[in-house]
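Form predicted alone, single chain, as structure tokens, below.
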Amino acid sequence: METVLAGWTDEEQAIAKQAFDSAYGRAIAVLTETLRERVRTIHGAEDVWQLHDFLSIQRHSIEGHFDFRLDGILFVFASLVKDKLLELDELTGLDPEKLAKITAMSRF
């Protein structure tokens, strides 16, 4: 018998966690590639400090964006779909109502 947490079955929680982790991995891969490109352009101290500022902003953004709490995860997923870090088909298996909400919110 499945445990339901805040309207989420065990299967849905597993699907959500896998999709979340995949999107996080993509975000980190994009950041890593951006860093490689930026590091090649470092020529002095000012460039280093700008890179530091960039990383601080990115860390704040990623940590704020990737919040795996089921009470707000539909908003997170919609944002990730909108940002092209997550595909709706990665959420196959979620309740159709949840998928419909994610789809609708990702359009705005």
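It should be emphasised that the depicted structure is a prediction, and the values quoted were computed from it without experimental measurement. Quick note: we count residues from 1 along the sequence shown, nothing fancier.
The same protein has a further form, the form predicted together with another copy of the chain, not shown here; the description that follows concerns it.
**Q** Within a 4.5 Å heavy atom cut-off, is Gly44 in contact with another copy of the chain in the predicted complex?
**A** Yes, Gly44 lies within 4.5 Å of another copy of the chain in the predicted complex.
**Q** Hey, in the predicted complex, does Asp53 get a heavy atom within 4.5 angstroms of another copy of the chain?
**A** Contact with another copy of the chain, yes.
**Q** Is there any non-hydrogen atom of Glu63 lying within 4.5 Å of another copy of the chain in the predicted complex?
**A** Heavy-atom contact with another copy of the chain at 4.5 Å: present for Glu63.
**Q** Which is the contacting stretch out of 95 to 103, 7 to 15, 21 to 29, 81 to 89, given heavy atoms within 4.5 Å of another copy of the chain in the predicted complex?
**A** Selected stretch: 21 to 29.
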